[in-house]
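One chain follows as structure tokens, the form predicted on its own.
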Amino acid sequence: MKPESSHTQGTIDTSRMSAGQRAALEMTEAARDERRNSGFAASLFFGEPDFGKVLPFPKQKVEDRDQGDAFLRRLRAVLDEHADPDAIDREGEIPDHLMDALARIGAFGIKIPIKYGGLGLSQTNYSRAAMLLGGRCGSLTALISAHQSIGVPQPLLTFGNEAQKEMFLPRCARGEVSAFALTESDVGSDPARMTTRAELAPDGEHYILNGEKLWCTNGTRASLIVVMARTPTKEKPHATTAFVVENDRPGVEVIHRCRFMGLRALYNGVIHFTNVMVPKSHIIGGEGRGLKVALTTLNTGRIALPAACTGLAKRCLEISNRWATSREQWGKPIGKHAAIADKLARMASGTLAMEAVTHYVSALVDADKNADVRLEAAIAKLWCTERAWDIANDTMQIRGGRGYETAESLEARNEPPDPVERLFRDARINTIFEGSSEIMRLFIAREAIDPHLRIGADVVNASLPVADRARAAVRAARFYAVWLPVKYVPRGIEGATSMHPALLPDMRAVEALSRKLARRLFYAMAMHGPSLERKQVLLGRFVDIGCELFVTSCLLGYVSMRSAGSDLSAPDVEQMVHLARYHARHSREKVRRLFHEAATADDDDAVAIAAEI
């Protein structure tokens, strides 16, 4: 049961917020996707899992896969011949000969349509390329993915007009690097405080851009930058606009190249804009729609991160497996000791789950370029980046001192130069950039409770007349009088016939836990009312439960798809099924723990202690 249109007029009460909080919330709400989120992830949070959206699991078409295979062969050959990831890490530079070789095979225009000089490959094949890169070199992965996922290509493909596409996309496809500039020194996830401004020039044909952007990935090497700037009007004092800015324009200055713990060849810096004349024709998506452009671009762009993390996890698993079978302690390989075996099992099942999630979210985009994937992409980003960090950390522990030692030092001692130390450093940033884990949890929570806000927000909105609130209360009571009891009744699994029979019980468990999640989320809203948005730790637990159910569903569907048409007793199929069941069992244990913590934890005490400190 979904909330009907007559119940979808709810708004968030901002009457008790400060001016800054209100401005930030109103900006973000205005830029949210106006469509009601109807994807599989949203249905899990609402207790009505639409398994028909994940079963049968979307399978890549043969022709599309062949095209991807051909490009991956060329990409692998270039990396083998021209890329020395440890030298790139050591020297902090990506050599020109590697950049040129990548440009020749079209690596800078993977998704750019052929008519603009790109390869025109699918999102799935783009993600497969990110997996390959993620297991090789983090700095190179960041450069190529930032260029295409959040740099000029993605926003132009989504919001650009034909003239802009013809002007800029061929340049990007040929190898000119692009960047994205949103963050400022005092502005991370609070766009209302942005200070970079663009004012209409006297000629009426240009904007004059002034300001400074921090942590602009690719910015120190880019020819083109997507810049977010305030363009205030009397009606919209916090309006923002997205501009394509050419880096060689007078007034554009790279004033600092940032250096980091990992990704040491990242071309990331501080970019200053002084009276930069930007043509109105370089505005993406229209004046005042910049935040919409940024948020939508990030939604699709985030898919590259779980893909790259999957590649990193596969590399870590390969290194760990090889070491666990060759290194002996106390008379047997360390992989046969329970403590190490437990790590290897979790790493293997987690890596397969990451692969399943990446393929699912990529398939959503391939099925519909305008698909609303904001919730699925956010979950994929959150879960896969955190799991990749766990896997990198476990790899470091399994390798011991050899994990902590650099590949260069290992090679000097005639040992295999496994780059665990570099992979470990490079993995750490993934839970921070393009939306930190904390921000992702808040974003997902907002989307998860959106159906309830549409139904009941007017009931507790102090800014509305009493009569309006009373009518809203009656509508909400009628809806939940039917909705809540149904959440105690098991539902069927649509598409169950496409599943491997051994995995069906695990999917039924997902369905039951989804209903429980919906009930508990409703009770929390009823108990806390408007103050629930301040219960960030509680909401975070509900988000983590929903993420676990989403990931498990993707994994069960993915393994069922992979096993279809195969000999169900074949060793590789049996192994995948075993891994999927192992993951599902441990995921349920985590969900039960999170439910217990949500019911018993005193998060207010933590806030009080923090204040005392």
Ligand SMILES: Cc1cc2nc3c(=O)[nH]c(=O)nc-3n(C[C@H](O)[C@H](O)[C@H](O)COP(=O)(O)OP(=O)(O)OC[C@H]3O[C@@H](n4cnc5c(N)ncnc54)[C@H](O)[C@@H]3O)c2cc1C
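Numbers follow the displayed sequence, beginning with 1. Bear in mind that the values here come from a model prediction, so they are computed numbers and not experimental data.
The same protein also exists as the form predicted together with the ligand; that form is not shown, yet it is the one meant from here on.
The contact residue chosen from L352, V244, I144, A181 relative to the ligand in the predicted complex is A181, the criterion being a non-hydrogen atom within 4.5 angstroms. Between the ligand and the residues N299, N268, S362, S149, the one pair within 4.5 Å by heavy atoms in the predicted complex involves N268. Mapping the unseen interface onto this chain, E253 falls outside it, with no heavy atom inside 4.5 Å of the ligand in the predicted complex.
Of the heavy atoms in D468, none are within 4.5 Å of the ligand in the predicted complex. Using a 4.5 angstroms threshold between heavy atoms, N393 stays clear of the ligand in the predicted complex. Although the partner is absent here, C216 lies within 4.5 Å of the ligand in the predicted complex, judged by heavy atoms. Residues of just one listed stretch (396-404, 456-464, 129-137, 424-432) have heavy atoms within 4.5 Å of the ligand in the predicted complex: 424-432. Although the ligand is not shown here, in the predicted complex the stretch 434-472 places heavy atoms of E434, S436, E438, I439, L442 within 4.5 Å of it, in sequence order.
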